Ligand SMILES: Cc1ncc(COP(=O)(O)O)c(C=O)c1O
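Next comes just one chain, in structure tokens: the form predicted alone.
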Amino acid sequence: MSLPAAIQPDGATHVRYRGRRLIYFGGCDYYRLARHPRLLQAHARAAASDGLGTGASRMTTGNHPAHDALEASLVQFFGSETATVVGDGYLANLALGQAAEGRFDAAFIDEKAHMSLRDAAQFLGCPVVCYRHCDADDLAKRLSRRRTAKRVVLMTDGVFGATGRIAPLDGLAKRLPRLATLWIDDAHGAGVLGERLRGTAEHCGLAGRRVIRSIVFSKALGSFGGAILGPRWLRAALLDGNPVVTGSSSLPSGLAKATLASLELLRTRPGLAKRLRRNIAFVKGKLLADGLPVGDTAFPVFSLDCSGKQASAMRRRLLATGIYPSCIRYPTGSEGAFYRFAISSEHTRGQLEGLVAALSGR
């Protein structure tokens, strides 16, 4: 497989592609905070003061005050007992899997879970059972065949990034034993879903359940890095010789401080989330009315089939409307090729109307 053609960001909502400036509905920067002046300034000041990287793991000489400050801010923002910052989101799941080794008798994982969750499951040291995608009834059947398992963990994406589908966490949780643990990869839901933007668990009303979460800073938060949110035993396990935490360089302080700035923006600028939700409702409402299968109206991502003559026709319409044609093949290969669109809080009404017109074939 070869790399796709390179694109160059050009402002908050455009890219340069083959000599043209096109409206961009790709990626996962849902508030376009990656270009926000506060994040850029925080990163630049830290880089000038501390350099580009720490050059060491947090367990040796790479633990910076910005890491401690970020963890405290994450605990406050997401309402978790602890937060542990690592280098990126993929590493967060691997570290979590290593830290949870031997703690569960059986793991149940969505068949379309992110690759990092599937890799992490290999560290658990227990049987790992796949259930059909977002199918609570199939989960119940598979649970019934493992009745001797007392310590159960469910592993799923909170939102599936390729399609924007929100996992039915409330329905899945009802099928689980009361003391089961839900392990949610909330890379996409964190900062977008829930009244306080705490993610998919809040959106689905999982208060009172045992939940551990992995999150990333490169989606809604516009920065880079990852974190694990969970109980004190998990934090202790992560700091007790965990291979990822011990063996990888820590997050550069510039990225930690940029993430602190993005959390502050989401806390103090409720208009960002309100604008994003208005844009989602406008686009998905119009497309659903036109009969397009764009899915749940709560999340800014949707995908459409990309095959044969329809794909070519859609590409032509998008380019004619000045929109980047985001036909992709997700790395798992399980979905085939599809057009994926991500609405942001910064897209204008005119840009959204153009997208609706192009997809509806008007």
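Start at 1 and count along the sequence shown; that's the residue number. Note that the coordinates shown come from a computational prediction; the quantities given were computed from them, not determined experimentally.
Omitted from view is the form predicted in complex with this ligand, to which the following refers.
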Note to self: Although the partner isn't part of this model, could you tell me whether residue 88 comes within 4.5 Å of this ligand in the predicted complex, counting any heavy atom of the residue?
What the structure shows: yes
Check: Is there any non-hydrogen atom of residue 97 lying within 4.5 Å of this ligand in the predicted complex?
Finding: no
Note to self: Would you classify residue 254 as touching this ligand in the predicted complex, given a 4.5 Å non-hydrogen atom cut-off?
What the structure shows: no
Margin query: Can you tell me whether residue 228 touches this ligand? I mean in the predicted complex, with a 4.5 angstroms heavy atom cut-off.
Written below: no
Notebook entry, point to check: 187, 169, 280, 193: which sits within 4.5 Å of this ligand in the predicted complex by any heavy atom?
Noted result: 187
Item checked: Option touching this ligand, based on a heavy atom within 4.5 Å in the predicted complex, out of 80, 218, 242, 248 -> 218
Margin query: Only one of these stretches, 127-135, 144-152, 258-266, 110-118, has heavy atoms within 4.5 Å of this ligand in the predicted complex; which one is it?
Written below: 110-118
Check: Within 152-167, which residues have a heavy atom closer than or equal to 4.5 Å from this ligand in the predicted complex?
Finding: 157
